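Form predicted alone, single chain, as structure tokens, below.
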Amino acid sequence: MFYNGAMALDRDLHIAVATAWGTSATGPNSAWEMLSATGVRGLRVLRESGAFARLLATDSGGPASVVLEANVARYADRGATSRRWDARAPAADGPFDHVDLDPFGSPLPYLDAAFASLAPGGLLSVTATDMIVLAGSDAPATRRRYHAEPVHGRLGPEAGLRILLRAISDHAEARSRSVHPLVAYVRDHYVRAYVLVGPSDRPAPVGTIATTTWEGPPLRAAGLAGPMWLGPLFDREFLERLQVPATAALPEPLARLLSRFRDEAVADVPFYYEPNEIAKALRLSNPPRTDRLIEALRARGRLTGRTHARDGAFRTLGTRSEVYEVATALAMGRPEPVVPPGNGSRTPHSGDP
């Protein structure tokens, strides 16, 4: 069993997202929690976000459904209903303004039903816990299930998140729709994304990365990585609207997580650097401190920020050669020259073939 504190933080974040989204949406909003289990997540969001006038909570049956029905009955006056339902089929009560898909394992079997049940302009949240597949530990399964080449090692989970986002984007594109991530993140044993689904007005930022010419952090992949989502993981304007709910079970950890999201959103490009990995690549005796690396890269005019994905790691619009130059200079005690901004900054797609 996973420690429930991690799930409590995830639910706190869901409430924050639903609250911020609900303030700009035209109500009354409705929600479908596709795989509710005992209904804890959906009922907390219904009760604490104020974003929804109606919640349908479904599960396929078994002991959890009995508990779900009892829990939902307590909130019938708030618009909660429950049903035993196979979530691979669209719910008859739709469309819904928000659809939440939080399975054990891969969400792929349920995405068609999720999109068929989501209202235009709606909010879709998707979790994947099949990290052995997404993060590259079982590459044949990644290729078979997600039609993608994974990234192995420490950057594998983020690549898994980006592969999942590409799969979500593909389902949207098949319906002439597009996705816009508001918040997409890596946590412990899972990845999760909140995306707005709207009309298809531009090509999706999806592609492969040629690892031999890629200018970002080194990737362990078989020549090509992906195809995956190469666009931003965060909407910066939306992040500014996120607040710690007054009812949060873990307010301080959530505040730290939101702060980290905002910090890294200024350099929201694929993959991150770690001082230990930089030192290993350059054969430095001691890894440079993260704060000094960030400070030096910013002095060069390169947008840089810490990432939520791993403590001590950071994202930057600087190229790998710049990161390595800065790290070498710091290791040797040399002052870093200030370079005018705009020269050689990496873009999210610089590794595309």
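Note that residue numbering follows the sequence shown and begins at 1. Please read these numbers as outputs of a predicted model, since none were measured by experiment.
What comes next is about the form predicted in complex with a small molecule, which does not appear here.
- Interface residue among L303, A299, L284, A37, judged by heavy atoms within 4.5 Å of the small molecule in the model of the complex: A37.
- A single residue from the set P103, G94, P227, P232 has any heavy atom within 4.5 angstroms of the small molecule in the model of the complex; that residue is P103.
- Although the partner is absent here, W85 is a contact residue: one of its heavy atoms lies within 4.5 angstroms of the small molecule in the model of the complex.
- Using a 4.5 Å cutoff between non-hydrogen atoms, R41 counts as a contact of the small molecule in the model of the complex.
- Contact check for E322: no non-hydrogen atom falls within 4.5 Å of the small molecule in the model of the complex.
- Contact check for P28: no non-hydrogen atom falls within 4.5 Å of the small molecule in the model of the complex.
- With the partner left out here, the small molecule still marks one of 287 to 295, 54 to 62, 322 to 330, 303 to 311 in the model of the complex; by a 4.5 Å heavy atom cut-off that stretch is 54 to 62.
- For the three residues R166, Y185 and E264, a heavy atom within 4.5 Å of the small molecule turns up in the model of the complex in no case.
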